[in-house]
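Below you will find one chain, with nothing else, as structure tokens; this is the form predicted on its own, and questions on how it binds or moves follow later.
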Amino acid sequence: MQLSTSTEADDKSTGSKKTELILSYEEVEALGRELDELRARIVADLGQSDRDYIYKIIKAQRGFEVAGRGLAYLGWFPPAWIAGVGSLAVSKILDNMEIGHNVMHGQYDWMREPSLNSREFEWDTVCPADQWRHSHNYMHHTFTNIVGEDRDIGYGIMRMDRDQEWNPYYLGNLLYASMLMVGFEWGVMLHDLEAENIVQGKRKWTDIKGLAKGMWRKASKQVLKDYIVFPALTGPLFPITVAGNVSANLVRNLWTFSIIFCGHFPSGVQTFTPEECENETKGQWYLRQMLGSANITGTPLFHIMSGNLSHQIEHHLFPDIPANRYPEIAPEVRAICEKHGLPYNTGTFSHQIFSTWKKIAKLSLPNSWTEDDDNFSVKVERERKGVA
């Protein structure tokens, strides 16, 4: 296997130099086999401990929700209101991240438990589960970080890569990101509509009619539950309970946006062109997932509250393996990266989130006004040597 490194002036607009690591076809296929072996070993070991884990998380989530809803009856007492909001927010975060996101990836389908079946599960957010499975499970996880194909790159409203053509609209990059963060569950719900294509006339009402109906059905139930039924049950405390539920949803939105954006947009995460990914082998697919994702270091509690998306690299390599296994897998994935000279993008939450917002700010400006922070990239020899 051959490994070579070269340096060249890659960014003509700034004159900055990039180091390019070139991996041979054979080396990438060897990397793929190592990851296949790791996956097979973990899958063969799934069992009772994984069942116990997810049931324990569900029990905790329900406990926090009951506590949060119950404390709403003491909402007139500020410390109780704050505790209720915190408890309900934790419940919603667990439901979205460690339960909903992971169950809908099929991580627990092997249990043959109807309530944890990826095709049946519905979560506590305004986005219909079936639409999320298309926009996230299929679109994002299939076309990860391919500019123009992975719609998570900017969510159709932001410029999140230097290869996206700049125009004055992107001067509002920070504003669009802030708005998306505050209303993240609504942004996720609207993701499958492809709003930018509607504006450009590429999608018509007939194309989105079914999606819109599904969104209306799911969102109306969520609004009725959080902003009418549960507040009404607290009688004269109705407005205080509404404020509490708005706050819990806001906390969940800020947290999930931050964790998810740290997974793909900090400095050092690589993007790809559609041409680079044509006729991709399994090994090349693995490599793209590794280079297109970033981790966050933290405590076991932090990892649970992030749905283990703090192990975004491992999640993108093995999206259908129970997320509680990612901390166990991570050292081996990192060792494989080091063995092949590949970067393993990880850092503290403060580092990754600062890097992400810095990128959002810089990409609001033309490339010629800013420097590219990513001075290292990995390329693959697409064909086996000696093969036309």
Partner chain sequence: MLDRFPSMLSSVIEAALAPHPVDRYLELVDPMITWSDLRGRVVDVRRDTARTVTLTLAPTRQWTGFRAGQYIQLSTVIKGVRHTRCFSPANAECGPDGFIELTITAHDDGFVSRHLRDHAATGDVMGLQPATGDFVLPQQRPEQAVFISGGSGITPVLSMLRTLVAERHNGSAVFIHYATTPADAVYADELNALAAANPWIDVHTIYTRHTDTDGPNGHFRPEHLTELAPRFAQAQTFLCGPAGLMDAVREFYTERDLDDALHSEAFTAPSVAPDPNEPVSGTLSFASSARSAENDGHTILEQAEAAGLTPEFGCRMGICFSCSAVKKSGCTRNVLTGDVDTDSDTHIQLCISAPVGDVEIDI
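Residue numbers count along the first chain shown, from 1. What you see is a predicted model, and the numbers here were worked out from it, not measured in a lab.
What follows is about the form predicted in complex with the partner chain, which we do not show.
- Heavy atoms within 4.5 Å of the partner chain in the model of the complex map, among the stretches 186 to 194, 168 to 176, 114 to 122, 82 to 90, onto 114 to 122 alone.
- Contact here is defined as any heavy atom lying within 4.5 Å of the partner chain in the model of the complex, and by that definition not a single one of 25, 152 and 273 is a contact residue.
- The contact residue chosen from 282, 202, 217, 209 relative to the partner chain in the model of the complex is 282, the criterion being a non-hydrogen atom within 4.5 angstroms.
- Interface residue among 246, 198, 229, 254 relative to the partner chain in the model of the complex, by the heavy atom within 4.5 Å criterion: 229.
- Of the heavy atoms in residue 77, none are within 4.5 Å of the partner chain in the model of the complex.
- Not displayed here, the partner chain is approached by residue 138 to within 4.5 Å at the level of heavy atoms in the model of the complex.
- Heavy atoms of residue 110 reach within 4.5 Å of the partner chain in the model of the complex, making it an interface residue.
- Contact check for residue 319: a heavy atom falls within 4.5 Å of the partner chain in the model of the complex.
- With contact defined as any non-hydrogen atom lying within 4.5 angstroms of the partner chain in the model of the complex, the contacting residues in 58 to 82 are 58, 59, 62, 65, given in sequence order.
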